[in-house]
Structures are given as C-alpha cells and as structure tokens.
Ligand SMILES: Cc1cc2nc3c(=O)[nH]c(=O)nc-3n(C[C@H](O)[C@H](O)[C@H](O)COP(=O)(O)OP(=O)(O)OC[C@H]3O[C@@H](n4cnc5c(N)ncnc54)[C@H](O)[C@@H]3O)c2cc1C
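Encoded as structure tokens, the following chain is the form predicted on its own, with no partner shown.
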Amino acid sequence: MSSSALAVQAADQLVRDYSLSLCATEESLAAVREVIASQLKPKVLDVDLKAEYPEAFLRALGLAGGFNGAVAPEFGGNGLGLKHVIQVMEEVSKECLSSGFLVWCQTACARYIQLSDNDWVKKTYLPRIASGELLAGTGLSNTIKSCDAIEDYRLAARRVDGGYVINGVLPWVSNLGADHVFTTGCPVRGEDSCSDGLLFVLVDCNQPGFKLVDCAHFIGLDGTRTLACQFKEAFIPDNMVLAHPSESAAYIKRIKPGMILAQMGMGLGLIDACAGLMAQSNRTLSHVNQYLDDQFEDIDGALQEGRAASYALAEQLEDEPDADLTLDILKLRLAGGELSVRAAHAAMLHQGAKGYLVRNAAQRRLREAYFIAIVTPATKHLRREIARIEAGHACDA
C-alpha cells in the first residue's frame, strides 16, 4: 500500500474515532442531565439553605457515568478523559455549585489514584469510586499550598514497618463521611526531624487513629460535608500509598495540572447560569439594564472563549501528559475565577432588588462565585505562581 493510501486510511480512522468519541460524550451528558433534572434541581435550595449533603444525587450521578471520565476503561471508566470530567462538572454547576464542587472532589480523588503507580489501589477502589458506590474527597489543599511555600504542612508522617504513621489536623476537607475515602499528602520526617520528601496516601475515614470533626459553618457551599480531619498515630499501610517520598516530585507533576484545570468545570457552569439570569432579567428590564457595565453578550462571549480553551487544554493534557502546560492552565484558571465573580456581580445587578430574595439564584451565585476565586488555588495563589514562573522560577507542576 502506498504512503498516500496509508495517510488517507489513518485520517479516516481519526475521523471515525472522533465521531465515536463525540457520540459517546453526547450520550453520557444526556444521561447526566437527566439525573440533574430529576434528583438535583428539586434539592438545590435545601443544599444551599439547609446545608443538605446531596449524597443520593452523587450516587445516582455515578451510576449514570458522571465520574467515568476520570477513570480508565479497565477500572470502570469510559476513556473520555479530563474533558468529560469538566463537561459533567459544568452541567452540575449550572444548577448548583456545591454539587459541582463535590463532583470535582470525587473525580479529583479518582484521578489521583488513576495517576499513581499503585495497581492494587486502582483495582480495589477505582471501580467503586467511578460508579458512585464509594464517595471520595481530596485533602490536598494544604499540601499544594505548602509545596508552593504559602503555608506550613498540617500533617507529618514517619516511616514504620509496613507503612507510615501520620499525625496532625487538616482543617477543611470536603465530600467526607464515615464510609468515604480521601487523598492527602504530607512530609515524611526522619529521626533528625528533617523532611525526607512527600508522602501521598488514600485514607479510609473509618480507620483507627483517624477522626472526622465538625468545623465552622459557611455562608455558601455548606452542604459539601466539609469537615476537619484529625490524625493521631494513624497507620497507613503501604498498599494505600499513592506515592512514596522518592516518587513524589514526579507524582505532583502528573496530578497538579489536571487538578487545577478540572476546576474550570465549576466556573464554566456558574458563568453560564449567570448569563442566563442576565438574559432572563432583560426580558423586562433591558431598557435600564443596558446602562450596566457588563451585558449578556460580554459575559457569554467570554464564556465561549473560556469553554473552548478549557476543552482544548484538557484534550492536549490527555494526549501529551508530559507537555509543559502549567502556565497556560494557571492563567486560564485565574481568568475563570475572575470571570465567575464578574458574571455573578453582573447577574446580581441585572436582577436588582429581586436578587436579594432568599429563593433567588442571583445572591447564591454571588456567594458561589467567591468560592471559585478562593478555593485552592485561590486568585492570589494563582497570581503568585504565574508571577514566579514568568520571572523564571521553577514550579512543581
């Protein structure tokens, strides 16, 4: 067969693969939307105002394949990757950011496991997390901020026979419960109290030496089951280790870009919802709303650009996991947080006095938007890391 014929055959195969992937994605998102409409939409006010944890919705979403993009097919996933993760999070966040954040927690934990070298953990936990049978959180906020020299590590580990012993307290970890698991990372201390590197582990919330404790209540996203985590001589066996200290530098580089990029799903969904509130208000108030700084077209245009950039980076990260996309991802995530606040502010002004009503989505979206700008990595964290990279300093991701 000639080289030109082989090229045509390869191109045809690419087109077929793309068409199959697009079809699978649309089928999956249709199933996700059905679950959102039937199980999440009626509960949004309870999640927001009564701090109700949407556990039934999360489990139904898992059964509908909502978490499958984070997991490889051999462990129960769908092979659609990070773009699918973002798209599902976006659909959920259009309705409720608390629930969208919980999707991020679940899929982030799944990706941390998927990107580890621990095959036992993958086989044992990933199918259950992907299906929603097992719910999972991520306790890497302190780890990431400490890696970037923003705050001190709250946990420390020491090596013992067959595993590690961890002590300390993490103040805020979300999507937790007695029958949940979560990931975290901390330094391993030697007998001389010097740091030997970072340890990344999967923690069973029901294990000895570990305790969940209620923490302060929040003005928004209080239904995310955010709790303090106390480790007191908690033994973590080697089979629950995602990365030993000697492996941690490479592991952080694998997990951090996708962790940050996936958060765009929350921002895209919220911005889309805010644009909808603006359009809704304009049906009767366009004659006065036209004098506001941000119009529907401004927010919607920025949303389309952000969505296209997010999907493109997600696909590139899946295709080229070793590509240096850190700066692009940090800048996009920063823009996503800033646009979220801008869009929520514009929606509130468009709604006017109605936006203050308890059942009006505008004031909820404003509270949710600040969460996107504050959750790790926060706006100030992102700007700091961007400045460091542009000044020529190294970055862990």
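None of the values given here were measured: they were computed from a predicted structure. Just count from 1 along the sequence shown to find any residue number.
Although not depicted, the form predicted in complex with the named molecule is the subject of the following passage.
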Requested in this report: Would you kindly say which of T124, S131, S174, N282 lies with a heavy atom within 4.5 Å of the named molecule in the predicted bound form?
Outcome: S174
Query raised in the report: Looking at R158, R154, R307, H244, which has any heavy atom no more than 4.5 Å from the named molecule in the predicted bound form?
Result: R154
Query - Segment that reaches the named molecule in the predicted bound form - one of 142-150, 250-258, 236-244, 75-83, heavy atoms within 4.5 Å - result: 142-150
**Report entry** 4.5 angstroms heavy atom contact with the named molecule in the predicted bound form for F218
**Finding:** yes
Requested in this report: Tell me, yes or no, whether Q87 is in contact with the named molecule in the predicted bound form, where a contact means a heavy atom of each within 4.5 Å.
Outcome: no
Query - Touches the named molecule in the predicted bound form: R388 (any heavy atom, 4.5 Å) - result: no
Requested in this report: Look up in the predicted bound form whether I374 has a non-hydrogen atom within 4.5 angstroms of the named molecule, and give yes or no.
Outcome: yes
Report summary line: Contact check, 289-322 vs the named molecule in the predicted bound form, heavy atom within 4.5 Å, ordered by sequence, gives none
